[in-house]
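Below, in structure tokens: the form predicted alone, a single chain.
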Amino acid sequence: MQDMHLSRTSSAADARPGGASRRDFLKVSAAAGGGLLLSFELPSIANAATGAHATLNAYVRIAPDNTVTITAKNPEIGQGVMTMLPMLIAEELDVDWKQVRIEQALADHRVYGRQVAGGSMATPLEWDPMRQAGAVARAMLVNAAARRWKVKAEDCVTAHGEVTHTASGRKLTYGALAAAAAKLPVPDLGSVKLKDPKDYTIIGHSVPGYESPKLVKGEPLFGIDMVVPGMLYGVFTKCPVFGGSVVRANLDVIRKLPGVRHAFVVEGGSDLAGLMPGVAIVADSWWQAAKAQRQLEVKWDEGATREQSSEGFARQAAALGAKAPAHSLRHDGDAAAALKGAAHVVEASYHYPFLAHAPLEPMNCTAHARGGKVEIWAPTQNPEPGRALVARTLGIDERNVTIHFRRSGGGFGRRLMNDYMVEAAWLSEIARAPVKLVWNRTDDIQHDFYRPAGWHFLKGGLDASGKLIAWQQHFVSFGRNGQIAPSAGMESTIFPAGRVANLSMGYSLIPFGVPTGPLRAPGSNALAFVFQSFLDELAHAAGKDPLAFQIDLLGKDEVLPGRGPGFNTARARGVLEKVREVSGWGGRRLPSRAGAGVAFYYSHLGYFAEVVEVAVAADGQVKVNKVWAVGDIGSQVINPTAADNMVHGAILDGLAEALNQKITIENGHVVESNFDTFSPLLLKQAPPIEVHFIKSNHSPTGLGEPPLPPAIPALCNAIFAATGKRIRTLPIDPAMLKA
């Protein structure tokens, strides 16, 4: 995390790669059936700065029939990581993909190190370790073959899961060598060479998702599909006002309903991310539990948050925005003086709402607590905090909590929190049976950790030539006691910081009781809308083409301070220039009330520029005709088909947020309750998307998040080009766009 960074998001979103030591210890043992099992104890890249070590274990298992089983360490939430990480191992192992079988790892940080689906960090953190895992295994197999043939290892080559002695043409399969290889010393990791990228046969080639055939057939892979013997079904009702507690409930009535085994009050605590107060119902079937839940009558003590509302927050933000910021974030030059001397000053205020994650699969978890131990089957993005939460709440040792990953039907950051996990464990503990807890859609939307709302009050100054000479920004966000709420912060290094001589950023905080957390592209999903929309305003005020204005503002090629390795102006320029080319920017005559907008953003180590073309009907309805996206995520696009899918999904998420979505707070309650009031993108709203990648000389980075942020401002800028009306508040209101 950079200096002067307000964000208090989870470490999953903020972790970034660091230097890994080459002092690696590897252990080898024979697997069942004479196979080869490789276990790695490598320094954790995420914790390299502290010297902490994470253990990576049991990635490769080779059977005598030459089948290679590779363990996927991270949770699969639809981003394709269950396929992508084994691809890295298989490439360096030098096997054919058709030989590979994939197994999902257990959640165990002592064995696998960081096992998180968040922050688009799987690729940057695992690019080297996973390839090394395959390369070391390959070297051991070569050494085993060389000993058998009494030749030098360097005279042997590998391909297709076989070792070949070049001079004699003799060949042995990995399966035939595995048992012997298991008995050999492990080569020093520093001496094992990785492949030249020109020799890749798997990396950079499209590979179908490993579980895709099962998904098409509807096989039970998701958390919500889990079944264990003797399982009961649970629902959990919490106060509609965050932090409220139970006064009384009609439990005598509920306990008499068909199929109901247990109905009880959960006292809970005050941690919104933990076990909260509520009423639990456990029944023989989920339908019986859900029917009982609808008849539940609870008297709540709603607490202080009942006094809060979206309208109240907006009034407080307006009052704070009219004053000087309470806290300084960045101060370059003298923005106030430069604004006074500017030839033209542009002033605007921007607002974005709270957002829910609303994955298609609502929160769920199956747990079996017995004998001081808990076994859990969870679609979690972040298991270790869940393990600690369950252990702490149940008063047991963390080592007595076993977590099995289940595929997630979407996560988007929601499943970085594990409140549903501890609820299931608690219900199982009380019911003395395995319990599958399933939230309904209303539970899911009204008890989320929301993307925070925010308000930005901006002034920009241009000189007589149209050059940006001043930037002044007051950000009003949420927090308590001077602490920024989770995911509610802003970095001080967001472009155009470092490119405007006179720049001032500050912030003020509104106290609140609404839980917040990271949503896909945390922070960036909102801040890109503000920064890139206001830069578009400034470009038009300067009488300049918006894309050229941004390229000019980038200035010379250099790396400015920023997240991760910093903000590379050359890479930003590269995606802008490429999107100008592929979209035909400025080269097409568009009909009346049609327009194109452009935006770019650096997010989660990736650079994306996007052009959106829209048509706005006379009634104000917006139709997105097409999106062009150009990304620079480093030297390799590991799985092109999956990469293309992720870009499409991220852009569609961004368009949905801009066009359809908001969470409204009234009297401490969330108003929206289902997809009719919090709508995902409709099929008729989904445009064609054309995706291009620039391969740059940088280590590969993640892709789940960086395509999203530019989609929103590019859409809003396109609407301005079509109608002359600025979008400064989300979601977009068609009424203001009527002809």
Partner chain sequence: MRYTLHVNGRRHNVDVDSDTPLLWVLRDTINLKGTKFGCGIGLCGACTVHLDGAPARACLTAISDVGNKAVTTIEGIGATPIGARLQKAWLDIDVVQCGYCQPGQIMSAAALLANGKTPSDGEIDAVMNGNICRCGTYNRIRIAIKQAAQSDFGTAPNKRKGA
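Since this is a predicted model, take the numbers as computed values, not measurements. Positions refer to the first chain, counted from 1.
Same protein, other form: the form predicted together with its partner chain, not shown, and the subject of what follows.
For the marked spot (Trp439, Thr641 and Ala686), a heavy atom within 4.5 Å of its partner chain in the predicted bound form is present in each of the three residues. Here is the short version: of Gly668, Pro362, Pro434, Pro325, the single residue with a heavy atom within 4.5 Å of its partner chain in the predicted bound form is Pro362.
This chain appears without its partner; in the predicted bound form, the one residue of Val282, Leu85, Leu503, Ile77 with a heavy atom within 4.5 Å of its partner chain is Ile77. The chain is drawn here without its partner chain; in the predicted bound form, the stretch among 202-210, 535-543, 188-196, 491-499 whose residues come within 4.5 Å of it by any heavy atom is 202-210.
Heavy atoms of Asp225 reach within 4.5 Å of its partner chain in the predicted bound form, making it an interface residue. In the predicted bound form, its partner chain sits beyond 4.5 Å of every heavy atom of Thr173.
Contact check for Pro220: a non-hydrogen atom falls within 4.5 Å of its partner chain in the predicted bound form.
None of the heavy atoms of Asp632 is located within 4.5 Å of its partner chain in the predicted bound form. Shown without its partner, the chain has Trp286, Trp287, Gln288 in segment 261-290 as residues with a non-hydrogen atom within 4.5 angstroms of its partner chain in the predicted bound form.
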